[in-house]
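The chain below stands alone and is given as structure tokens, in the form predicted alone.
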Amino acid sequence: MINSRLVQSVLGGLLVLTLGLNWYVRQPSLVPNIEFAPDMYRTPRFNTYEPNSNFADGMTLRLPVAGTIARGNKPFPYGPGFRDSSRAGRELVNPFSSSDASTLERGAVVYNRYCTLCHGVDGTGGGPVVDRGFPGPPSLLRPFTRRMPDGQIIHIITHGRSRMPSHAAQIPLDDRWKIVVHVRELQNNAVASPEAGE
């Protein structure tokens, strides 16, 4: 039979030891704790442009693997140039319609964010950059642009043309299509400017 006095003494001693350890652990320590895996706390790191001995070219910043497509970006199978621009005009069909209110709303938001600086709110080409001396773009309301297929406009937004830069990096493909819907609305709701030529 186990002696109950012995059990009580052992349990009392464990209680005192536990309280003592608890008090000791809570005291501010001048000596840092022991780290069992210091590499997990302080892994070697390299700044973006810092030399890196892990690679043959000594660079830390790596180019993406050939063919990499950024997450969320759909590939655009048409290269720059007039030949691919014409082909895009023949082959691409806008997946969005002006009958969808959310498409019209989003198209207006994206157009106002990225296009009005040059093309103006009404599409006539009188945006704020023109007021500051930048050559004005052609009106989006002119007959030439009205006859342009949606796919060709998408190609221009994607690759740029003349002084207009590519907006593929800033605007997802779906939003580019919605911009085209908005431009068509501008064309339908306005009279082409008389000075707009072919």
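Because the structure is predicted, anything quoted here is derived from the model rather than measured. One-based numbering along the sequence shown.
Missing here is the form predicted together with heme C (HEC); even so, the following discussion is about that form.
- Note that among 65-73, 36-44, 138-146, 49-57, the stretch whose heavy atoms approach heme C (HEC) to within 4.5 Å in the model of the complex is 138-146.
- Using a 4.5 Å cutoff between non-hydrogen atoms, I179 counts as a contact of heme C (HEC) in the model of the complex.
- Contact between F96 and heme C (HEC) in the model of the complex is not found at the 4.5 Å heavy atom cutoff.
- Using a 4.5 angstroms threshold between heavy atoms, R26 stays clear of heme C (HEC) in the model of the complex.
- Among heavy atoms of R163, some come within 4.5 Å of heme C (HEC) in the model of the complex.
- Residues are counted as partner-facing when one of their heavy atoms sits within 4.5 Å of heme C (HEC) in the model of the complex; in 114-135 these are Y114, C115, L117, C118, H119, F134, P135, in sequence order.
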